[in-house]
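What follows is a single chain, given as structure tokens, in the form predicted on its own.
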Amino acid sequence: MFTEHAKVMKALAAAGEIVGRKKLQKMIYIAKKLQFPFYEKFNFHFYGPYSEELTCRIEELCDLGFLHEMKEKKGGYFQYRYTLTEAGIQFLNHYDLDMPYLRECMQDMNEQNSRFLELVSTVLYFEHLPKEEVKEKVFLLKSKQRYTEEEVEQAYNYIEQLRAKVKNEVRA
């Protein structure tokens, strides 16, 4: 019944602590695009791919006491930190979720900043298009972020690194 909740919890457990709602959204989206079994629906939103389902799932996990959300004032805005609670860890132990190499990918993504993950997730959202069209979309839709050609190339390289990590690890 709570399998999809448990998958999100497993991703959070793998990352340790995720700072920022936007970062959490992008990490789950990228993991989904790496073929990890996340089934939340994502639509393109102001900050790139966004899932209302994932937002609701996170709220439910907080309400159930499985996830701790710490709100902290950071300059002119609030930032949220997410970690599993002891009850969440115990709950997760009841699920045998086979998601090999999720930990490595989540930890790697968690070391990146939100701005870069926003770019990576945007590139992945439009990956069905030719690379030049993806770049045009990035520069048009993300003009306020002022991404450079070099950053877009770094995003493509990072996606390939993550995919190689998953493929190589699965074969091992």
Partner chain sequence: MAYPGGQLSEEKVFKDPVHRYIHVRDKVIWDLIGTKEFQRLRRIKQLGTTYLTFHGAEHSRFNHSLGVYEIIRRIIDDVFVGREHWDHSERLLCLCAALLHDLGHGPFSHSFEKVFRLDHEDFTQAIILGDTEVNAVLRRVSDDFPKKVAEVIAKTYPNKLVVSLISSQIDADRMDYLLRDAYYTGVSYGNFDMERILRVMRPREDQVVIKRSGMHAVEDYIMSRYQMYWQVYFHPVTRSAEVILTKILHRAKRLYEEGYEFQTKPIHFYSFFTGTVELQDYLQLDEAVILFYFQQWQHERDAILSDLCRRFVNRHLFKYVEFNPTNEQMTKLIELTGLFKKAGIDPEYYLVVDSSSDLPYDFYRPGEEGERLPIYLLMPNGELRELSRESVLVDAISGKRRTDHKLYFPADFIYDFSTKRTTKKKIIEILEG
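Residue numbers count along the first chain shown, from 1. All figures in this text were calculated on a predicted structure; none of them were measured in a lab.
Form predicted in complex with its partner chain: not shown, discussed below.
For a residue to qualify, one of its non-hydrogen atoms must sit within 4.5 Å of its partner chain in the predicted complex; none of K10, A13 and Y147 qualifies. The closest heavy atom approach of L97 to its partner chain in the predicted complex falls outside 4.5 Å.
Heavy atoms of K137 reach within 4.5 Å of its partner chain in the predicted complex, making it an interface residue.
Contact check for T55: a non-hydrogen atom falls within 4.5 Å of its partner chain in the predicted complex. For E111, no non-hydrogen atom is located within 4.5 Å of its partner chain in the predicted complex, even though that partner is not displayed.
Contact residues in stretch 98-117 (any heavy atom within 4.5 Å of its partner chain, taken in the predicted complex) are absent; none meets the cut-off.
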